[in-house]
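To begin, one chain is listed below as structure tokens, in the form predicted on its own.
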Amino acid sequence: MTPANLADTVLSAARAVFETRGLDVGALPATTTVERPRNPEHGDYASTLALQLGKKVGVAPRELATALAEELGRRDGVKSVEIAGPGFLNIRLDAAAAGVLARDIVLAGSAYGRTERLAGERVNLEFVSANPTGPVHIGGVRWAAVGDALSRVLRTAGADVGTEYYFNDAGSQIDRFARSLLAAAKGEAAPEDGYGGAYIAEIAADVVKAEPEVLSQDPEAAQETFRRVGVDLMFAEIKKSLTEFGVHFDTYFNEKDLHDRGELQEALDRLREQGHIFESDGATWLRTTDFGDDKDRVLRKSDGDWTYFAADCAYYLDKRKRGFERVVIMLGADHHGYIGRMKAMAACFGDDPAKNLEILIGQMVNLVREGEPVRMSKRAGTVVTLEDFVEALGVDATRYALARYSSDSPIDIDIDLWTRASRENPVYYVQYVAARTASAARQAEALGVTRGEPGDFRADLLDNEKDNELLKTLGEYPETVAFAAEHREPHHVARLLEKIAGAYHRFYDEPACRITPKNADDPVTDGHRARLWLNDATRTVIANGLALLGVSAPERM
């Protein structure tokens, strides 16, 4: 029995109590939840439903809890119900009800953990979105790992998700990039405001190879060639590195398209219709202070040029026109000031900023070697790139390490720790369970232990304390994924996987929980078969959870 199944049972029992007592069934919630008590001695699960409903229907919570406990005690799978404090319900399941979860997980396979919690929501998730002036740096790597994991978690919770990478191949940054390439091709020092580093020389050489006559062009034409070809080469490299990292975007959106299609003017017209545009000093402004911004924002300068914020407005409107109800944008720590203006902009369009726009801010990441940060500086040429990260840790460890922490917390990634083959290394600890469960299944097959038919599964034989602990952690998986999706926090999945790993190791090391006979001539029992189901259920959940994080579940290590 999963926590969700038990919660439904609790709600059903409450309805029966209300009907018997003539209480208002309209006061019952559409759904309820159960939680695992911190102290296992308090039962398998706890419910606060009686506390929540007592005042609403004019019944003392403990009295309501007593009636609810009696009704629950008659339900299949419920071993006992105890009342604690003012009306808490501590529920224990019988072994058969708890154990059937192992079979259900195995039969569900990769579908275990899927819910409809966010069904009907169309979400546009934008992340990384670095301009093509250099390789993906360490901050972008964090968003690549977290953003991709979040997209998988959201889809598993039933949301319709479109992932997007937004870039600009025009503007001052691209001009400096082109000048830097031209200087490198001529063997000159990078411009003072330009980009350095080995990658600039490499891209410059590739441009010359593709356009052999470029250095004989006049300076303006040469710079345009380096801009056009260099940006294409740089962006191809970015796409390649992200693909090798396991990150794929549904849409790569170029800011230039907004200009070419007249969408900035369209956004301006829409905002003017809403009554939030005004003219001052020859410029066109958006009155964002009406919605809490610290100052109004210029959309079009007095010289007629559009501002970056005007493009932000047009891009947001473009996403909404494409049918995305919720726009989620993942930005770096240096973009915290964008939140107020972007929320105000959404309100100016007539949207609800709390519903239609979310901005997630990711904090800094340090890659640490021997206790010292590996420094990064794109202009100085000491760039810590996605490739550097993967070379140091590998794809799996990099993705797990970055997705394991709340994105609003700065983190240090210790190369020594994350490359260590020990339980101190979280990704090794979890992946080892994936390999160990696969190994246990192979050993069982070699010794003639098979799960047998689902109908022959003896769930009641999973009656050891270690069985129960493992089953309860596996049962947390669907709700954890749904919670992670709702709160945009995929790190909860990683933390549960580590909890499951600990429970599995304790199960595996328990002599009473053997999957295979102790001696070669001992008979295979239904208990061995039942624990093989539990072993395979564990591998299923570990594999599903690692897949959400973009990490492999190896069969051997």
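Residue numbers here begin at 1 and follow the sequence given. Predicted model only: the values in this text are computed from it and were never measured.
This protein has a second form, the form predicted together with the RNA, left out of what is shown; the following refers to that one.
Exercise. Using 4.5 Å between non-hydrogen atoms, is T32 touching the RNA in the predicted complex?
Worked result: So T32 does not count as contacting the RNA.
Note to self: in the predicted complex, is there a heavy atom of the RNA that lies within 4.5 Å of any heavy atom of R287, even though the partner is absent here?
What the structure shows: Taking the distances in the predicted complex, the answer for R287 is no, it never comes within 4.5 Å of the RNA.
Discussion item. Is D408 near the RNA? Define near as a heavy atom within 4.5 Å, in the predicted complex.
Written reply: D408 belongs to the contact set for the RNA.
Proximity of G337 to the RNA in the predicted complex, heavy atoms at 4.5 Å: Within the cut-off, so yes.
Using heavy atoms only and a 4.5 Å cut-off, determine which of L51, L28, V59, A69 is in contact with the RNA in the predicted complex.
-> By the 4.5 Å criterion, the partner-contacting residue is L51.
Heavy atom within 4.5 Å of the RNA in the predicted complex: which of E116, D260, D218, E424? Filtering the options by heavy-atom distance leaves E424.
**Study point:** Per-stretch contact check against the RNA in the predicted complex, the hit in 316 to 324, 92 to 100, 180 to 188, 298 to 306 (non-hydrogen atom, 4.5 angstroms)
**Key:** That would be stretch 298 to 306.
Going by the RNA in the predicted complex, which residues of 520 to 557 come within 4.5 Å of it through any heavy atom? Counting only heavy atoms within 4.5 Å of the RNA in the predicted complex, the contacting residues of 520 to 557 are E555, R556, M557.
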